[in-house]
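One chain follows as structure tokens, the form predicted alone.
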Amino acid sequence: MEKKPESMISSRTDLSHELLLQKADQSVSTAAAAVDQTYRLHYHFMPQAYWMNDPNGLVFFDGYYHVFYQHHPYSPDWGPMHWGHARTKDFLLWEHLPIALAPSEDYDRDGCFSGSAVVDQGALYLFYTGHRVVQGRAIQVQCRAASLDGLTFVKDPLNPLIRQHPPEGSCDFRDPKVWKHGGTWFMALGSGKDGIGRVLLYRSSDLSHWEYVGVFAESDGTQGTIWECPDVFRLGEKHVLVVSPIGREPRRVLYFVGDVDYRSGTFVADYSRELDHGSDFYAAQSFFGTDRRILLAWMDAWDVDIPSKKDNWAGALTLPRELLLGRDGSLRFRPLPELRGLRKDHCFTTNMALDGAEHRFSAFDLQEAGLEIHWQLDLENTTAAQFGILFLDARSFAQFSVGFRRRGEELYVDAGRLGVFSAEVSPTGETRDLRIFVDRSSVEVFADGGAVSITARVYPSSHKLFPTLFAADGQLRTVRMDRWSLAK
């Protein structure tokens, strides 16, 4: 029988966990009062203070979109992971909630690692990886916590529900993604063995007792040695698998579109691609319990300098993106329509032509608001080898830029000292649409009807910037460019 949340209560465990949660919340509250605002984002979700990384447990419950996330509540550096928690009704205004999970038991003493959430019979269940290190060796097990109100969570006395990785996996055995199909619950877990990234599959009839099925999917040998943060969902008539690979350069999220054989527990892909082509998009996850497939990712990266750490915070989430299936089998990503509610101060330009020149628009102030640009290009009459938008400071120095090379066939974001990131885009068509979202310390770009996106953190030394059109080695023709300030 499935254990209900009220039957999971253990007074000793709950008291210890509650005290740890209170201590963590107080630490964040104290630090938040002194956080510097220089790089704080206007319309992206971020922690009140200290470190965050992966989004976890994305779920619609009791009228809210709940977002949990990997959180270290004592430092702007990665540390023993807790589950931070927030919720929203519209992705515009966010309510920070008390931290949901803290390392409190022997099986998760070094961290409550990533996972997912589901709703069943009115209860909210969190599935996560308990992490501990014994004599230098990581031990990762799968655990559950439950809530009736979506605010306070009780760890299951049966934890760990899965105590040992199967022979096809390794000690890298984490990030449970749970979903339901045909009356049966399934759990995908990230792992790898012998240099091959893998997703392992389990199934259950009651969310408590899990049976190992087998290897759900694996790398072709070039796609990473460990597959973290798996996500599996149905989209139209297809299934989509998303993984975050370790041991692959560049370390970018991959997606596969294909079919699931639920009898054998295997995924067969017929299309694959990078989900985003920038430097700061990782651990992508989608929501459970929504009629749209909405995805968020961690908008930062491992092994890079994060300037906001000196301001006592680090990490943010991307814009929420709705996923759609294209006719060619690829995914399309579009920022949620709700984000239009941020728009202010609309201005536009039509039928502009540039020939080896620049055109500077009026300045915007990053400290006051972000910026959205919708740019429609006339490719048929554009001959420039390279063109785009420079974001210039008052000295005409480019802080970052977005543009195209090879007459519109390669999209790029030049993030300055953080690097240049690019992606091939379709060469067909007479026009091209580009959507650019700039926040205080980020830029997200969508092209090819959402088939291509590039996400990067940027840290301009000047907060007053001038968007400037440029064209090199030929003419640029613009059909229309719309610009809005974005602020809550």
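Numbering starts at 1 and follows the sequence shown. From a predicted model like this one, the values you see are computed outputs, not experimental measurements.
What comes next is about the form predicted together with beta-D-fructofuranose (FRU), which is not displayed.
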Can you say which of 332-340, 90-98, 149-157, 73-81 gets within 4.5 Å of beta-D-fructofuranose (FRU) in the predicted complex, counting heavy atoms only? 73-81
Tell me, yes or no, whether Phe348 is in contact with beta-D-fructofuranose (FRU) in the predicted complex, where a contact means a heavy atom of each within 4.5 Å. no
Against beta-D-fructofuranose (FRU) in the predicted complex, would Asn53 count as a contact residue? Criterion: heavy atoms within 4.5 Å. yes
Is there a heavy atom of Glu228 lying 4.5 Å or less from a heavy atom of beta-D-fructofuranose (FRU) in the predicted complex? yes
Check whether Ala283 has any heavy atom within 4.5 Å of a heavy atom of beta-D-fructofuranose (FRU) in the predicted complex, and answer yes or no. yes
Heavy atom within 4.5 Å of beta-D-fructofuranose (FRU) in the predicted complex: which of Thr318, Ser191, Gln142, Ser114? Ser114
Though the partner is not shown here, which residues of 175-190 have a heavy atom within 4.5 Å of beta-D-fructofuranose (FRU) in the predicted complex? Asp175
